[in-house]
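Single chain ahead, by itself, as structure tokens, in the form predicted alone.
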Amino acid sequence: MSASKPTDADKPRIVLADHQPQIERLQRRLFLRSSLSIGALAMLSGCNMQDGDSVDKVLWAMSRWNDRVQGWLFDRNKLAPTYAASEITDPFPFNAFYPEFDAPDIDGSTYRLEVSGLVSDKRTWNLDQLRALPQTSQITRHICIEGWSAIGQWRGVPFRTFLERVGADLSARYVGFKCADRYYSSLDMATALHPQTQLTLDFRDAPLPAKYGYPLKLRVPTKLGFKNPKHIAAIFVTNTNPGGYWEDQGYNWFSGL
């Protein structure tokens, strides 16, 4: 006699508790918790998935959906809060994926910023040329995904000014960054053009210290801290999502505030 065909009742049912590591990764990815997390967790608790890869595919799909929702909600004219000089955090914390003594030692006299992708002017930039561009200053709060925040004073070139100067295609979807410390990140174009997004050269009216990103970092007060790359060596404009160091490990890509 041939064996009877297994029914759905015979198949092992994977419940929420069986996938706690994946659920913990989901909590890192879903930043619009009020609108998405309850439904997402309810869906996972009721699903009948046969392997962890399927669960991970669902989590990545929800993270991508979360990126799209945050992009729809982003207001390119809404400014992040600014603060008084008396409110600056002293000392401002160091944070990276390596200890402070491993921050790259870059010679500013030979530094050249590379520009590529969907831009008309691909010439490199030295620090004197960057400092010759219009400069703005801001006192804004850096918010880390690890749960702390700090207020700092930053001075540099409005990123929109730089993108316009190099003839960037402002209708492109993304701007990517490669850094001297092997870090990499990317922004949506709407955030890149936000009036507070800045190519930062100075911290508190002095050139950036190495621990804060010398010679050039990106300041994006409308994003979480890991979207603010330091020690920038190259900028490129593209229509293909470049990902990011932490984003490619599961962090939400948009990560707007």
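Everything quoted here is computed from the prediction, not taken from an experiment. Numbers for residues come from their place in the sequence shown, where the first is 1.
The same protein has a further form, the form predicted in complex with a small molecule, not shown here; the description that follows concerns it.
Only one of R155, R173, R160, H142 lies close to the small molecule in the model of the complex, with a heavy atom inside 4.5 Å, and it is H142. Partner proximity in the model of the complex, defined as non-hydrogen atoms within 4.5 angstroms of the small molecule, places exactly one of 97-105, 77-85, 116-124, 160-168 at the interface: 97-105. In the model of the complex, the small molecule lies within 4.5 Å of some heavy atom of N228. Contact check for Y111: no non-hydrogen atom falls within 4.5 Å of the small molecule in the model of the complex. In the model of the complex, the small molecule lies farther than 4.5 Å from every heavy atom of F236. Shown alone here, L130 lies farther than 4.5 Å from the small molecule in the model of the complex, counting heavy atoms only.
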